[in-house]
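Just the one chain here, laid out as structure tokens, in the form predicted on its own.
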């Protein structure tokens, strides 16, 4: 008579072997390639998800890929603004950033969030270094639009040479979404935007946006309408048709811009799912939306 627990163990082992076998060609494909990860949403605020993301990033590094992490920190910034009784306003999905707000943004992103991420990645066995767009003039910026958003900026130039020695030595850069202009003004920049521009500047194979949505949907009310694979021209059409709207629009536009500048593929995935990074990169089906230039 066969022991049932032994059968369950054999099944578990078979599943693990199948998963590893499926992952192998992807591991081989992405060895030596650069993968830019925008880290945000629930994956940043829930401890269990934080640990899963850090392990995923460390594993990517250990199998020969070169992950680069870009982060914001909206929830933490909101908490500190509330503590300090500083009112916060959002316009067009962007935080209107006064000089007073900018001080808090810098304090939270550079002094707290960035170092928490670095510490978390280092703890699971990888080596990461925290920087921001100001360091070495990694990112040069200018005021966004007509200045109605205050100290909110946009990327004018990326000095990718700053990242090259870090990547070559096997370090994982962790980049805060703060940058400055030629005349020394510090700007708060959307982290999705910075991730896309860095991905383009370093010739990344992939740009991955961790979000609180499952990806691009054909029908916003139907989660089963997830679009798993889509070409760049078709994403543009969905934006024009209003199928892609609201908060998904800037994310899709970020992906479009990155792909237009040579990034291999862009992914919008659900960071609320543990190990979503590995599921998207190392499995045939993936879990989110993959956008490609063609094919």
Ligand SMILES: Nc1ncnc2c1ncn2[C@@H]1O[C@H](COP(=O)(O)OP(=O)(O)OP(=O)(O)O)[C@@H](O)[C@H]1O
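The structure presented is a predicted model; accordingly, all values stated were derived computationally and were not measured. Only the largest set of C-alpha atoms that superpose within 1.5 Å between the two forms is called the rigid core. Numbering follows the first chain given and starts at 1.
There is another form of the same protein, the form predicted in complex with the ligand; it is not shown, and what comes next is about it.
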Exercise. Does at least one non-hydrogen atom of residue 28 fall within 4.5 angstroms of the ligand in the predicted bound form?
Worked result: no
For this session: Indicate whether the ligand has at least one heavy atom within 4.5 Å of a heavy atom of residue 245 in the predicted bound form.
Result: yes
For this session: May I ask you to state whether residue 251 is within 4.5 Å of the ligand in the predicted bound form, using heavy atom distances?
Result: yes
Exercise. Going by a heavy atom distance of 4.5 Å, is residue 74 a contact of the ligand in the predicted bound form?
Worked result: yes
Exercise. Just one of 207, 198, 179, 210 has a heavy atom within 4.5 angstroms of the ligand in the predicted bound form, so which one?
Worked result: 210
For this session: Counting non-hydrogen atoms within 4.5 angstroms of the ligand in the predicted bound form, say which of 202, 126, 129, 217 makes the cut.
Result: 217
Seminar exercise, completed: Partner contact check in the predicted bound form: of 37-45, 54-62, 259-267, 229-237, the stretch with a heavy atom within 4.5 Å of the ligand is 37-45
Problem set entry | Those residues of 166-193 which, in the predicted bound form, come within 4.5 Å of the ligand by heavy atom | 192
Exercise. Taking the rigid core as reference, does the Cα of residue 264 move 2 Å or more between this form and the one not shown?
Worked result: no
Exercise. Does superposing the core leave residue 35 with a CA shift of 2 Å or more between this form and the one not shown?
Worked result: no
Exercise. Core aligned, does the CA of residue 242 move at least 2 Å between this form and the one not shown?
Worked result: yes
